[in-house]
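Next up: a single chain in structure tokens, the form predicted on its own.
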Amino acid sequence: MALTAWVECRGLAKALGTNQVLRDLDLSVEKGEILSILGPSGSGKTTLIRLIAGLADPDAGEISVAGRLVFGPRTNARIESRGVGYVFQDYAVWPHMSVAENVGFGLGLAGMGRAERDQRIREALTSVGIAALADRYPDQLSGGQQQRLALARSMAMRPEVILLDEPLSNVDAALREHLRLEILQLVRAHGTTAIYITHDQSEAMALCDRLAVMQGGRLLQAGPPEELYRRPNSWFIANFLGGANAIEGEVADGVFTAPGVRLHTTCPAPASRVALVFRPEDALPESAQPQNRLEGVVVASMFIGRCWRITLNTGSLQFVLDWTHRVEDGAALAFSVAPDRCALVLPEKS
């Protein structure tokens, strides 16, 4: 295997009993990049990073970290020699150790001298803003403080790669956005390569340079978050990343047709039989794109803060739209969609 990326996986496969968790998976992450891996429960996200960390072994495939093969034919590097830090979903801090002792535990195992170890502990705790809590124990910390402790413990080892397994899933919603920014700033400041696992699509897109979506043990698509959002390569990704309206029909020469629908699109078509998808926020007044006009009857209107969420029934189709104002139930409403927002993917059951 030619080692080109900072983290590289080739042909990874892993089964747990009769369940094939990963299937011939390829993944590469560049140095200093933050990659978010998004997918539903059971898609194989956590299994993938456990294999990278050495917490489990693949059934097949190869893994390299920082230009070194750490798993492959006749190679299986020890966990402590892989240069990988891991932040667990439940933090996994030692309850009988103080905050400082938790951070210094791995440093001591690595044989680091007391003076250097103390300095690393101070630097790590300062970087996550809990230096004043060094003498406390985990049961004296809030959920957010425990999350910072878990991150400090990992960063103190100065890993080549840090793996974060849904680190905010146990944090109150009110703190999540703030801690998300802290993690991003900390990882950026250290120039650390990071793989961030989550099932929260807004969290994934907010944090990453690139986004990868998994389903059923396979990597479906990877790229900049806006690319996946605007140009999904499957109905699953279009629907999973925030929800989308979909119409099944035919496309030819940049024109999509379905019963009662004719829409122009500038997006490439994967086949002649496709699903056209667009986001609720892509709905425009009917005069904005008159060649792409649709109309129906409002069946529900809900205020969601930034806009009104309108459900529109055309008889054979139903659309969800983000609208600037409330429209009464039963009222007629026409809207349009720009051609470059009409993405084309294979139908859901293809």
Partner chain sequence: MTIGGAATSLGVVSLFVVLVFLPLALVMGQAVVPDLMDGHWPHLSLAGLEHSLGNARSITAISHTVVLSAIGAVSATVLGALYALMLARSNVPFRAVLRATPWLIFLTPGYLKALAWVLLMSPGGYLAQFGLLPEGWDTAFFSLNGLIFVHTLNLFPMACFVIGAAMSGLGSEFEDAARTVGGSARQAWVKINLPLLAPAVVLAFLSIFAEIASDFGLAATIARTSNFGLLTYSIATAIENFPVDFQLAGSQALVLLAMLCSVLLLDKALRRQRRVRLITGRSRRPRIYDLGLWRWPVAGFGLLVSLLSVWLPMAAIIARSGARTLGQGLAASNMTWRYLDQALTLGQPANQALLRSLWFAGLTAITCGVLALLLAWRLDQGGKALRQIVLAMAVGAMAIPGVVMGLGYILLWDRVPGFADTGIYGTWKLLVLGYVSHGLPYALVVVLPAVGQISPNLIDAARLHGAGATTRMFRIIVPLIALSLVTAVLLVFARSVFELPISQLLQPTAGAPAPSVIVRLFGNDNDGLGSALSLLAILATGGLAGLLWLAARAAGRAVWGNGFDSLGGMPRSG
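Keep in mind that this is a model prediction, so the values were computed, not measured. Numbering follows the first chain given and starts at 1.
The following text describes the form predicted in complex with the partner chain, which does not appear among the structures shown.
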| property | result |
| --- | --- |
| Site test, Val84, Leu109 and Tyr137 vs the partner chain in the predicted bound form, non-hydrogen atom cutoff 4.5 Å | yes |
| Residue (of Val93, Val251, Ile121, Leu276) lying close to the partner chain in the predicted bound form, criterion heavy atoms within 4.5 Å | Val93 |
| In the predicted bound form, the one of Leu220, Leu184, Ala206, Met97 near the partner chain [non-hydrogen atom within 4.5 angstroms] | Met97 |
| Partner proximity in the predicted bound form: Gly54 to the partner chain, non-hydrogen atom cutoff 4.5 Å | yes |
| Partner contact for Phe236 in the predicted bound form: the partner chain, 4.5 angstroms, heavy atom | no |
| Phe88 within 4.5 Å of the partner chain in the predicted bound form, heavy atoms | yes |
| Any non-hydrogen atom of Ile79 within 4.5 angstroms of the partner chain in the predicted bound form | yes |
| Interface segment, criterion being heavy atoms within 4.5 Å of the partner chain in the predicted bound form, picked from 100-108, 188-196, 243-251, 224-232 | 100-108 |
| Neighbours of the partner chain in the predicted bound form among 35-50 [non-hydrogen atom within 4.5 angstroms] | Arg50 |
